[in-house]
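There is one chain below, alone, in structure tokens, taken in the form predicted on its own.
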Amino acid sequence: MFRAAVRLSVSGARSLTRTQPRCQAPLASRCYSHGKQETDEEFDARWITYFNKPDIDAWELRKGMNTLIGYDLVPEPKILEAVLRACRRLNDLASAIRILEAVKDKAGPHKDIYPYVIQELKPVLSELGISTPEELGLDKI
């Protein structure tokens, strides 16, 4: 009796190890996006719309700027204008100055980019009453 039970269990175990899957999975292939590429104008419009939201809060402002600075680019002055206006709506002068510092840092070794951005933003900065880090002496620290 015991011998018959062991024989059945061993043959059952063998049949489990011998079975092969009936359908084999296809080899993995890479799926690349063939979607529409975003143009520069669409990129700018997307970020301007994001920062022009009337109900944007401080967290969304910081999140958007962290994402924007994370890209391999220096934001266009029109995007930065929307950011600075969002800072003004939130009455957050510290973030506005920090954003200008981040843009200067993002420009890196290209010494002509940051002066160009400040030149383009000068009317907005004077309208909103925001000083540049250089005017505050923060570049000397």
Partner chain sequence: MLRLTSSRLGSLLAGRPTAALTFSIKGRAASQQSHEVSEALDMSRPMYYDRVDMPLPDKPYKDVLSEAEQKLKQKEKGPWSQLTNEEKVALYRLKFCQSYSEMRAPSAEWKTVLGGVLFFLGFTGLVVWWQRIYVYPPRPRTLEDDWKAMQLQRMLDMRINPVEGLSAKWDYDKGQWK
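Remember, it's a predicted structure, so these values are computed and weren't measured experimentally. Residue numbers count along the first chain shown, from 1.
Note that the form predicted together with its partner chain isn't included here; everything after this is about it.
Of these, 99-107, 112-120, 34-42, 73-81, which stretch puts a heavy atom within 4.5 angstroms of its partner chain in the predicted bound form? Answer to the contact question: 99-107.
Using heavy atoms and a 4.5 Å limit, would one call residue 49 a contact residue for its partner chain in the predicted bound form? Residue-level check for residue 49: no, no contact with its partner chain.
Examine residue 62 and determine whether its closest non-hydrogen atom to its partner chain in the predicted bound form is within 4.5 angstroms. Yes, residue 62 lies within 4.5 Å of its partner chain in the predicted bound form.
Problem - Within 4.5 Å of its partner chain in the predicted bound form: residues from 76-104 (heavy atom criterion) - result: Heavy-atom contacts to its partner chain in the predicted bound form: 87, 88, 91, 92, 93, 94, 95, 97, 98, 99, 101, 102.
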